[in-house]
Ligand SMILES: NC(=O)c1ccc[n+]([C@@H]2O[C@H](COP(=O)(O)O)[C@@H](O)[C@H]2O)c1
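Given as structure tokens, the chain that follows is alone and in the form predicted on its own.
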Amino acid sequence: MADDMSPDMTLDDYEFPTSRLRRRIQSEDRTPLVLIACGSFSPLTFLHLRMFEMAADYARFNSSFEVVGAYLSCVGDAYKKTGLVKAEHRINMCSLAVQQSSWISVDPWEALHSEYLETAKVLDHFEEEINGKLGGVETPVGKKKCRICLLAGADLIQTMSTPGVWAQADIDYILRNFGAFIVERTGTDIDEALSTLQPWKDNIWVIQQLVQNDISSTKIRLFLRRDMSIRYLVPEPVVAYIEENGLYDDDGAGSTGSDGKGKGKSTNAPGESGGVASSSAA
């Protein structure tokens, strides 16, 4: 795995991944864009990957941006969310999922921190690495700084509009300095979510889901606890990794609150249904 994470990796070993970041654009009229998806990714699903493709299409047809790269940034173990397996597993699953992508990378920097990092600090990290250290990308008229934008589902914007969930200063900092590409999600009233974010409306781009998809990591974990198949809901290498490492077995093995290494519990092929789940699996 190009961006995999071993248990003993530290920030001292860290190198920012640039192999899939395009370093030149041909149009002098377009602004290079890098999309950043922050989250638990426990586990990553096809919808997470699909969001990048939808955002790239939207940017190409509806904006003056040109996508030059994209990154998955996994939250660290200090987040302590229910169902959060250890960072090394989540980084490795994400890396497996993007093996076939030419433009989506996995950055372990956030996950390597022992303390929780706010999204604003993570976006600052990408700004520094891409525009500070690399100086942006080449264009026919010289180097241009990349626009760093958050990529998220509409449920995130809904939390931003919910009093007490986000610090107002962080919302202002993120939407004023970076902006967000937001993918509509089933069950989220996007208009209501955006109603309190009008001061930053010019930095929010809403992407319609033309093919409805409501896969979530929560549902994947529920299926696994019930010994149900997750095949074709997450990438096949991720299915195999979950099985091999015994992840999400009652959210125990491999979790941030467990020291167990975990072992596969099923003799079926990875992700295959084991038949009707017993009543105790619900």
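Position 1 is the first residue in the sequence shown; the rest follow in order. Please read all numbers here as calculations on a predicted model, not as lab measurements.
Keep in mind that the form predicted in complex with this ligand is missing from the display, and what follows is about it.
Contact with this ligand in the predicted bound form, defined as any heavy atom within 4.5 Å, is confined among 39-47, 235-243, 24-32, 60-68 to 39-47. Across the proposed site, 109, 129 and 178 without exception lack any heavy atom within 4.5 Å of this ligand in the predicted bound form. Checking 91, 97, 193, 75 against this ligand in the predicted bound form, a heavy atom within 4.5 Å turns up for just one residue: 75. Screening 200, 205, 166, 103 for any heavy atom within 4.5 Å of this ligand in the predicted bound form leaves a single hit, 166. In the predicted bound form, this ligand lies farther than 4.5 Å from every heavy atom of residue 138. Looking at residue 134, you'd find every heavy atom of it more than 4.5 angstroms from this ligand in the predicted bound form. By the criterion of a heavy atom within 4.5 Å, residue 118 is counted among the residues contacting this ligand in the predicted bound form. Contact annotation for residue 170: at least one heavy atom lies within 4.5 Å of this ligand in the predicted bound form. Residues from 71-91 that approach this ligand in the predicted bound form with a non-hydrogen atom closer than or equal to 4.5 Å are 75, 79, 81, in the order they occur in the chain.
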